[in-house]
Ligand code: NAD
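Presented as structure tokens, the chain that follows is alone, the form predicted alone.
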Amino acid sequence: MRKLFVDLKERAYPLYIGCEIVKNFKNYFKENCSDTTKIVLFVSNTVSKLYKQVIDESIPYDLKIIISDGESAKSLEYANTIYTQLIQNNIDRKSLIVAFGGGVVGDLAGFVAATFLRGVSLVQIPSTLLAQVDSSVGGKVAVNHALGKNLIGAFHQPKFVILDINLLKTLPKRELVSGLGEVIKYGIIWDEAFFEFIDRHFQDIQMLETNTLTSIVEKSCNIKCAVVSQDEFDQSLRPILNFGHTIGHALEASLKYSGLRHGEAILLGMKTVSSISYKLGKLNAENFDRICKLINKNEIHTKNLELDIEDVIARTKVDKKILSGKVRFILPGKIGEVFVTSDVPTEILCEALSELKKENFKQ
């Protein structure tokens, strides 16, 4: 087992990384949450069936709430039904919410934890690659709005996070691809050597090789910890973690959160903003080609989906990162380095999205 820390002073917390470490939940609980009164387990429908024995043997709880699979659960309406259950079961301020599942469960459980009784404690046990390397770490929790993704949320750091590599062994291929969207992001924004490692070991990742999965989870979390520790509340450095997300979230919202996984949308978003940077002369041809080749190694299911470019552009204008009415894009200057800019001409954005549509979507 390996242990990392998100260094946020009084809100610092550990990440436990290893195989079959969910069974150690009670030990981690005693180390970090000893004054808890009640435990509420949020678990996705799929995970509750796949890991029933693990839950029964290792995670004590006073109330279990099954969350339906899919992005539709990330809504205020869904959250409200959960608040009712918590009130009816006398959940108090010293209670603990444990989120066991993918990014939807983690985001929804975290949002409820941040808002119920003005905040109760949270633990994350992410079961997908995407959730392990991204949404479970850093304290961003949210639900969606019809006009945009994650527009209603808060910063609410967990008490600890369990990153059990063994949980990834049951991932469907498409969920693995979705997680790789966030993994590849870290290589592009921060570490060229990590980008090369992903490229070199891509087949091992596809084969769910344990040591390789452990390496990419640990490295991704190391990078995210470094960024979040410097800028918890998105004031300076942290926006670089949204590389590919302005377009990616707009794609998801335009498609009504159906037909495209979050990580798939991020892969397409990273490809689009890399194209924009290349067209603006900020990214050279060699780096652009390398980024596109690695992204293209992932099978993304879009050929039967229709893309409305005008709608996607309109939805970028309700992105969380907008300042003074201007959309901010995170663009690569080279592999391992990105920058933030609001100076992207509409015609360049249209051109990049047109190329994306031609290559990936239904004509």
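Numbering starts at 1 and follows the sequence shown. What you see is a predicted model, and the numbers here were worked out from it, not measured in a lab.
Keep in mind that the form predicted in complex with this ligand is not shown, yet the notes after this line are about it.
Enquirer: Which among 127 to 135, 89 to 97, 271 to 279, 206 to 214 is in contact with this ligand in the predicted complex, heavy atoms within 4.5 angstroms?
Expert: Result of the contact check: 127 to 135.
Enquirer: Please tell me whether any heavy atom belonging to Glu71 falls inside 4.5 Å of a heavy atom of this ligand, as the geometry stands in the predicted complex.
Expert: Glu71: contacts this ligand in the predicted complex.
Enquirer: Find out whether any non-hydrogen atom of Gly103 is located within 4.5 angstroms of this ligand in the predicted complex, and reply yes or no.
Expert: Yes.
Enquirer: Can you tell me if Thr302 lies within 4.5 angstroms of this ligand in the predicted complex, counting non-hydrogen atoms only?
Expert: No, Thr302 is distant from the partner.
Enquirer: Can any non-hydrogen atom of Leu50 be found within 4.5 angstroms of this ligand in the predicted complex?
Expert: Answer yes; at least one heavy atom of Leu50 falls within 4.5 Å of this ligand in the predicted complex.
Enquirer: Which one of Gln85, Gln230, Thr170, Asn222 is close to this ligand in the predicted complex, taking close to mean a heavy atom within 4.5 Å?
Expert: Partner contact (heavy atom, 4.5 Å) among the options: Thr170.
Enquirer: Taking this ligand in the predicted complex, which residues along 239 to 261 bring a heavy atom to within 4.5 Å of it?
Expert: The stretch touches the partner through Arg261 alone.
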